[in-house]
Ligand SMILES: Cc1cc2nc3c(=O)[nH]c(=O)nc-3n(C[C@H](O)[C@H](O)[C@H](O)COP(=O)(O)OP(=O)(O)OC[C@H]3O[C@@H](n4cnc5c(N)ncnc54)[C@H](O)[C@@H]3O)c2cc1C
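Just one chain follows, in the form predicted on its own, and it is written as structure tokens.
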């Protein structure tokens, strides 16, 4: 017998936010506070986007496989952290660094690699979780992906539940793309199509961390500190090209993390590759990590479009076209790639959210004012 097509539920909201990373969550919170009705749609089964902090197998804490730091002079992150009463600690800096080259490893005098920065003691994802935790129930819809956006405002947004295939048709005056622009244009069908120049800009904009592999090695203790090492290293051999201490407050849980750069082709390194490099850098004590975690962001379809490694036009970050809404002032860009301030950082994601909230609130105020003016 032929199957019956799944019928779509229909809902009307003021704004649809696509993406529940920290930028999308901040937009959602700000618009709700301004009295708007919002539906926030997230393809993943969790909030946070590129803020990803899994619990260690040991249960001793969380480590960051996505964003890790924020820095002095980034007031939005600090203010939000203080408002939500999240614990932070300073990045460990003390000790010597290591320089790794084909001739061997060289211990440097001091640590010229790391700079003063802050870490979230319960992982960076805790920031997104805390924001989501103050939102009304049902606003954020997980396991839901946007397939198509029709119209130029009001928009009709086709949403599919990834768990059961159920469809929802959302109608909204505004849509906020709180995901990397390249992913937005690769994964969402727009009818009519976006203006050619805007689509081209979005398609060429790199995805921050999108072509990066991040590795975390958890140890029973921060043995490198006992040896007077900072845990920092620069390597010309790899697979990790830079390494840092990722231990929690007072060194617990103890961890090192490294980046496999986005210029490196081929598959992700194996645990054996990571263990071999750590032994070369830090000696026999590095031979038996309790756990090695490897996150290849190239393979995350909720972060990176196909061919993400080829996106290298970083001058597109914060482009002027992202600083103003498209499609008659109703389509808005909110991701760290679109920020003028601190693009690529959590601060940039929050700055983009701040801009978008103002765009929508001011646009609707102007529209109300025009409607109420005498003929």
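Keep in mind the model is a prediction, meaning the values are calculated, not measured. Positions refer to the first chain, counted from 1.
Missing here is the form predicted together with the named molecule; even so, the following discussion is about that form.
In the predicted bound form, none of the heavy atoms of residue 351 sits within 4.5 Å of a heavy atom of the named molecule. Contact check for residue 302: a non-hydrogen atom falls within 4.5 Å of the named molecule in the predicted bound form. Remark: residue 50 counts among the residues lining the named molecule in the predicted bound form, judged by a heavy atom distance of 4.5 Å or less.
Under a 4.5 angstroms non-hydrogen atom cutoff, the named molecule in the predicted bound form has residue 41 among its neighbouring residues. Residues 18, 146 and 297 are all found to lie within 4.5 Å of the named molecule in the predicted bound form, as judged by heavy atom distances. The partner is absent here, but in the predicted bound form a heavy atom of 188, alone among 188, 260, 140, 201, sits within 4.5 Å of the named molecule. Residue in contact with the named molecule in the predicted bound form (any heavy atom within 4.5 Å), chosen from 80, 222, 293, 209: 209. Between 91-99, 171-179, 233-241, 277-285, the stretch whose residues reach within 4.5 angstroms of the named molecule in the predicted bound form through a non-hydrogen atom is 171-179.
In the predicted bound form, the residues of 62-80 lying within 4.5 Å of the named molecule by at least one heavy atom are, in order, 65, 66, 67, 68, 69, 71.
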